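Only one chain is included here, represented as structure tokens and corresponding to the form predicted alone.
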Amino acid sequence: MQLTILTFMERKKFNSSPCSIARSLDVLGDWWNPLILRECLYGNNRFDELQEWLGISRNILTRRLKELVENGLLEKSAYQNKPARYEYHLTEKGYDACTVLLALMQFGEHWYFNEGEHPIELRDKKTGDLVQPTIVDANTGKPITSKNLIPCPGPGFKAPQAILKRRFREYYENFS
């Protein structure tokens, strides 16, 4: 009889990485976390609602909610004492993280649904008008796409000049 031992590798942590994307993925990289945030954005804030809409096991949902609360994206508040029941609401940080979900939604609608078949519409809370998410430059108001950007080192990227020139080759070839 052969014995198979399963080992689980712990996920790499990016909390000291010089990359905003990597650090964000520490919290948003697990597929359940963005889906939990989505449900909270939709107004489904109770454990049983989250479990129902996501089809997630109770133990995984419990762990992910704890992680989202610890990371400051959700706040937990009791709505019933006996037995103890809780609601989970987006914090300012959680709402900010939801802008990532809007970008994912836009991508998904463009590439995975036919025209006019997108499952969710977004409306302005005050006017009820349909909204189309897009990323714009805060300085100019012009739409941003990855095609019209060039990455370059920021003030927090600490590395020798030789490494910077290799890592951000296109920037140094065009702008220095």
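All values derive from a computational prediction rather than experimental measurement. The numbering used is simple: start at 1 and walk along the sequence shown.
Quick note: we don't show the form predicted in complex with a further copy of the same chain, though the next part is all about it.
Asks: Evaluate Y171 for contact with a further copy of the same chain in the predicted complex, applying a 4.5 angstroms cut-off between non-hydrogen atoms, and reply yes or no.
Replies: Yes, contact at 4.5 Å.
Asks: Taking heavy atoms and a 4.5 Å cut-off, does A78 contact a further copy of the same chain in the predicted complex?
Replies: Although a further copy of the same chain is absent here, A78 would stay clear of it in the predicted complex, with no heavy atoms inside 4.5 Å.
Asks: Using a 4.5 Å heavy atom cut-off, state whether N59 contacts a further copy of the same chain in the predicted complex.
Replies: Because no heavy atom of N59 falls inside 4.5 Å of a further copy of the same chain in the predicted complex, the answer is no.
Asks: So in the predicted complex, does V27 come within 4.5 Å of a further copy of the same chain, heavy atom to heavy atom?
Replies: Judged by the heavy-atom cut-off of 4.5 Å, V27 is in contact with a further copy of the same chain in the predicted complex.
Asks: May I ask you to list the residues of 102-130 that have any heavy atom within 4.5 angstroms of a further copy of the same chain in the predicted complex, in sequence order?
Replies: Residues within 4.5 Å: L102, A103, L104, M105, F107, G108, E109, H110, W111, Y112, F113, G116, E117, H118, P119, I120, E121, L122, R123, D124, K125, K126, T127, G128, L130.
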